[in-house]
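A single chain comes next, written as structure tokens; it is the form predicted alone.
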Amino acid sequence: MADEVVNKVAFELVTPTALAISEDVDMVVVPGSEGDFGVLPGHTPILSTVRPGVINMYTDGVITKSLFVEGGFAEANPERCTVLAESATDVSDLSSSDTEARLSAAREAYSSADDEAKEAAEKELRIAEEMVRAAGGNSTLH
């Protein structure tokens, strides 16, 4: 049993309101701001910002859970990976119609935003685009 724990990464995903996930996994793949990165047992310590995208958790070579995050921060070390996310949604809970509606609203808000609101509108547009991508991938998870 002790060997099993050594070959796992303790993964925690924390949102402002709750501890969303706390599981031991073989690997977790995080959408870092400089690109996706995988965390395995023994990972070199790293701090990274997290861009909108999907976190995949792996056990026995299979994705066991996929979570859409809107952004945040990640810290990894040899034993653990912790993600502090603005929000987290199970990818299986994303519907194509809802995400398309969010994208449409974000495009409209971006096109009509003044200079002060442009940055926030652009951030929402990036989140909505990634959410649509994630929702389109639902069929591959089942």
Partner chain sequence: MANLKELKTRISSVKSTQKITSAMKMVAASRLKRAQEAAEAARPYAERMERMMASLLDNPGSLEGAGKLLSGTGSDDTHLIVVVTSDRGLCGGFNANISRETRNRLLALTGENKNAKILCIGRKGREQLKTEFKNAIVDTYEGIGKAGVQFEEAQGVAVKIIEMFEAGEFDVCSIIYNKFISAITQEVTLRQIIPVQLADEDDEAETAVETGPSAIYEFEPSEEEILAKLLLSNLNVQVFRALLESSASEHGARMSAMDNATRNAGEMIDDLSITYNRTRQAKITSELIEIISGAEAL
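The model shown is predicted, which means the values in this text are computed figures rather than measured ones. Numbering follows the first chain given and starts at 1.
Beyond what is shown, the protein has a form predicted in complex with its partner chain; the following relates to that form.
Its partner chain is not shown here, but in the predicted bound form it comes within 4.5 Å of a heavy atom of T44. Residue contact with its partner chain in the predicted bound form: V14 places a heavy atom within 4.5 Å of it. A residue is said to contact a partner when one of its heavy atoms sits within 4.5 Å of a partner heavy atom; S48 meets this definition for its partner chain in the predicted bound form.
Taking the partner from elsewhere, E34 is found to have a heavy atom lying within 4.5 Å of its partner chain in the predicted bound form. Checked against its partner chain in the predicted bound form, the candidates A113, V29, A105, L84 yield a single residue with a heavy atom inside 4.5 Å, and that residue is L84. The contact with its partner chain in the predicted bound form, taken as any heavy atom within 4.5 Å, belongs to A74 out of A74, V54, V39, M57.
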